[in-house]
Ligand SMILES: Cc1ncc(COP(=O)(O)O)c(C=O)c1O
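For reference, the chain that follows is the form predicted alone, supplied as structure tokens.
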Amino acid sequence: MVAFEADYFRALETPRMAVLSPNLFAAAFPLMKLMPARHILDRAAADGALQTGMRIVETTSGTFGMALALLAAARGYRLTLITASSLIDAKYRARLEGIGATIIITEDPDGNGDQLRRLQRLEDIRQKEMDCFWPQQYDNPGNALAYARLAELLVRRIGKIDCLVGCVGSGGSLCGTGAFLRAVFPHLVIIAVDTHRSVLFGQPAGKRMLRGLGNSLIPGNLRHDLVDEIHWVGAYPAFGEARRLLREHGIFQGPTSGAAALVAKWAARSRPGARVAVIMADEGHRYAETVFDDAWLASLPGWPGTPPSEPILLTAIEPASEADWTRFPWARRGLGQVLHARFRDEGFSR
């Protein structure tokens, strides 16, 4: 790989640092998923598992697929991406295909991303083409390890960090960055941001309006035992905060970054003596005709409603509406521990 290619991709995967309040610092990425995608492909190429001309196949909801498409185009790989009908729009598909990716779209009548069906299609491809390479973003430890660079950058730019806030989809960015930072700052509070009807923290799977976070399966890179608190943010508060970031700070990020910023702003306000860092994953260009379009928002039932100023504290894990923002004290427990405690408290244990 020639030097200018490395410089180009390094620029895309390097966050811009912004101060959102006296104790709140944001790492706003152009395309964060380039960081794990490049790390995983580099390691595979070094090990001989990936060679020029081979096919890469992956299941993705968006930005990891874009990262793979850019890298495949630059390095001479073929690429097949599998996504669900609820996760991709015609223009984003056209962008990916324009870069050279082959897109397979599975039907998703429940609107939850149907990860299982996508993985089944992926396995069919791997059975027919045995020498293709699967990055396995959800379970590959290289995903989380790639964020050592982000942890180092945060420490160099911010210094002591007391609280880290980030969205969870594959688990790589929050758990990878959080694990490295906690090795330096054992007191670090880690706050995970999910959305309603995602199974990652014990909610039942269902239709999700807010994309780019959440999941219908539990990924191997999600370490529940690192998380102190979980927040579930509906689409409407996330949309509103993404627009506020642009209006008040000139930061053009997508709605998942809006969800993370909303929670981080609350965390910084609730902890005035703490230094809070928030990870914001990608820019807002993909949402120019939706989240940042007044007419599209006006077509949503109940928009804008009354935006929540703080989360509702839950005593039991349960989904809420797209206008709601809830939180639950996770207390660095495993998923099984939390669910067992819930069943015991509800009288289901023997």
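The first residue of the shown sequence is 1; numbering continues from there. What you see is a predicted model; the values in this text were computed from it and never measured.
Keep in mind that the form predicted in complex with the ligand is missing from the display, and what follows is about it.
- Note on contacts: among 32, 40, 26, 68, the single residue with a heavy atom within 4.5 Å of the ligand in the predicted complex is 32.
- This chain is drawn without the ligand; in the predicted complex, the residue among 242, 168, 278, 81 with a heavy atom within 4.5 Å of it is 168.
- Residues with any non-hydrogen atom within 4.5 angstroms of the ligand in the predicted complex fall in just one of 262-270, 168-176, 223-231, 96-104: 168-176.
- Though the partner is left out of this view, residue 282 does reach within 4.5 Å of the ligand in the predicted complex, counting heavy atoms only.
- Using a 4.5 angstroms threshold between heavy atoms, residue 212 counts as touching the ligand in the predicted complex.
- Proximity of residue 236 to the ligand in the predicted complex falls outside the 4.5 Å heavy atom cutoff.
- In the predicted complex, 256 is the single residue of 229-265 with at least one heavy atom within 4.5 Å of the ligand.
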